[in-house]
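Shown below, as structure tokens, is a lone chain in the form predicted alone; questions about how it binds or moves come after it.
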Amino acid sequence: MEIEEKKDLASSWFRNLRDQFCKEFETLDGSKFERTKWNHSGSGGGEISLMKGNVFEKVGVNISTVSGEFKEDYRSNVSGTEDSAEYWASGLSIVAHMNSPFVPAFHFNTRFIVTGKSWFGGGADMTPTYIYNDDTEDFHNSLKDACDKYDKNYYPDFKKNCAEYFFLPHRGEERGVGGIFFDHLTTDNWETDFSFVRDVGLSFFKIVPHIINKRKDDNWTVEEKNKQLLKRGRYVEFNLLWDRGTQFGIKTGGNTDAILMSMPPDARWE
């Protein structure tokens, strides 16, 4: 399969999955997404889908397909740039911050990147304020099922990656209860890799509404909400200080609003 066909298949899937998520989240919330298109400084662009509603205090579902050339000071950070600074990247990113402090925040992204090499990356993780063991087990089991269809080592390896990646060194703590994280995924079978990426997305699509529906209608107090806002402060610290995706977007001339879509609407520090 030629690389251009791979690009078309990947970017079309990300758009298709975006539409599925937006429809499901609108049904859950009773509100509507607002969409904003943007153009990349190089070539291509993306679309922000943002909703602030009843269940979701803020949820963003973003897609982008961009290309350009890495600046010299950033090339060494990206695989496959030894001979050429050109890149192409397409992906889907979701961050959901909930009104109820009893419902976790959720993050998901998958992407396909082409430089002198090509690979898939992505993952999903969950950040609760109040930890319920059944929610954690349901979330991890869903991701494990998707991984085990392809390689029994995927889930333990990618779970470990997630714990190490979504970690705040200055706090000495993980951001949430984990999930999976993978990067530079490329085997000798592109179609299988692409199928895995699709199944990870569909597993997230299935489990998130299940967890939300269990707790979205529970009553909560101001004190419990304040605890959620403090937890969100940690979320902000990670995304601004340590997240490679944020750095990639900034360094490649991405849309600032899309890059910082992951920020919660409100947060606290003490």
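Source: prediction; values computed, not measured. Think of the rigid core as the biggest set of C-alphas that the two forms share within 1.5 Å after superposition. Heads up: residue numbers just count along the shown sequence, starting at 1.
Keep in mind the form predicted together with a further copy of the same chain is missing from the figure; the text below concerns it.
Every residue of the trio Arg171, Glu237 and Ala267 has some heavy atom no more than 4.5 Å from a further copy of the same chain in the model of the complex. For Leu202, no non-hydrogen atom is located within 4.5 Å of a further copy of the same chain in the model of the complex, even though that partner is not displayed.
Under a 4.5 angstroms non-hydrogen atom cutoff, a further copy of the same chain in the model of the complex lacks Leu9 among its neighbouring residues. Using a 4.5 angstroms threshold between heavy atoms, Thr256 counts as touching a further copy of the same chain in the model of the complex.
Proximity of Cys22 to a further copy of the same chain in the model of the complex: non-hydrogen atoms within 4.5 Å are absent; the residue sits far from the partner. Taking Lys214, Lys227, His40, Lys52 one by one, only a single residue has any non-hydrogen atom within 4.5 Å of a further copy of the same chain in the model of the complex, and it is Lys52. Shown alone, this chain has one stretch from 237 to 245, 203 to 211, 30 to 38, 61 to 69 that lies within 4.5 Å of a further copy of the same chain in the model of the complex by heavy atoms: 237 to 245. Superposition of the core reveals a Cα shift of 2 Å or more for Thr252 between the shown form and the other one.
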